[in-house]
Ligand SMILES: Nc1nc2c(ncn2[C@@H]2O[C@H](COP(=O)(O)OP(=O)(O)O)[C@@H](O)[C@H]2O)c(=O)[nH]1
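Given next, in structure tokens, is a single chain: the form predicted on its own.
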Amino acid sequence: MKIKRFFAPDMRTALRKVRETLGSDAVILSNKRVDGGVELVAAMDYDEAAFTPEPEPEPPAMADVRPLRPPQSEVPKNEPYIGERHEPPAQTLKLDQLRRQRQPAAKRVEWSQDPLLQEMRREMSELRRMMELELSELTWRDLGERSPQKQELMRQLMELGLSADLCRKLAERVDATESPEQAWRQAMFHLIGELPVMDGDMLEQGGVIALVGPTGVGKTTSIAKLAAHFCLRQGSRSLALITCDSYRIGAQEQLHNYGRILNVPVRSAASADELSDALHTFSGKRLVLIDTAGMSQRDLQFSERLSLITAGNHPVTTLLTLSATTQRAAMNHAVNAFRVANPVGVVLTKMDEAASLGGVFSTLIEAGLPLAFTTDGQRVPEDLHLARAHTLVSQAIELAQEAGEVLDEAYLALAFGGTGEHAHV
């Protein structure tokens, strides 16, 4: 095995030197940054068996080694037989066996836990990250040289807060011959088509609708807005409210106050039986809205609380309530956690407090959940709106323009490199 050390100003140059000197079958043993560049240690004709310890041969069992004793007739009576041995007493043998059992077995170091191998794995992981970063930057620069218009479009789309995969998908659907302004409008047209929204007002269909979602997203206020919105069109006699939130202080009283203002009956249900009784009482109502307790995805009683809605015999339609101010990772987690409730749509709250809507769009498009309603204030019911894709995209553009954020080239290269545009090493 031949080992050689290489120095270069950057990783690409160092890898090229290794390939030119040792060939494409060379193995990188270590890498580190030094003054003026990087240092690589590479090997040719790497033999993994050289690092594998050979197993020690097991000694033969004493029970199998027996002296060869000649026949009794061939041994003189007065001469002792040399191979003959006197057996120790049975008690002595048992003591020796107990001593051997009590002796602690020697600790065996696993080959996978060898410090040298662990250090090599760490250095290889660091080398991989460095190479991925270099490849991402190279891919981003190559895109700018091949298609600067597409690169600029990708930059504009990512400034909306959209995921890198969605930005790439939209940019690929734009014709390369279009001008920058036309390319932007075409990308927005495709984004409007990708964003899932419900057709019409689902409240007009009636039924039993429950709002579920994480804690603090505004479910109770949204219930009040939906109730007032329905009363303005159908009247209060066709509506009833049920609250299942027995955990938050004042939650039931808050919904009862809304019921008195709207002249709508309100019932409380703390169990599946109570909910079934309330739904039976309100079976003559055209629309029944159910307010549920806010639930954390990490709550140990998460499934039990959700089963309160689905345990009865009455069909219940669920809407997932999400806040527009939630980070995209937390929103993805919430969507995946509340899938067990089979939500048919989303109520997006706190639109007036959001700094960007791109993360919301990416989550809903990826999950395939349509938007039903949006809210952007505390007024009831003025701040409740039917979801419209073109309106939402226009709001996202306005928020991006107000923020005026310019993304760093390194961030763009890293995000673009993670979308699968280059080959993985």
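Only a predicted model underlies this, so the values are computations on that prediction, with no experimental measurement involved. Throughout, we count residues from 1 along the sequence that is shown.
The same protein also has a form predicted in complex with the ligand, omitted here; what follows describes it.
Shown here without its partner, the chain carries 155, 166 and 186, none of which come within 4.5 Å of the ligand in the predicted complex through any heavy atom. Contact annotation: the ligand lies within 4.5 Å of heavy atoms from the stretch 214-222 in the predicted complex, the single such stretch among 195-203, 214-222, 118-126, 264-272. Of the residues 350, 256, 328, 229, just one reaches the ligand in the predicted complex with a heavy atom at 4.5 Å or closer; this is 350.
Contact annotation for residue 377: at least one heavy atom lies within 4.5 Å of the ligand in the predicted complex.
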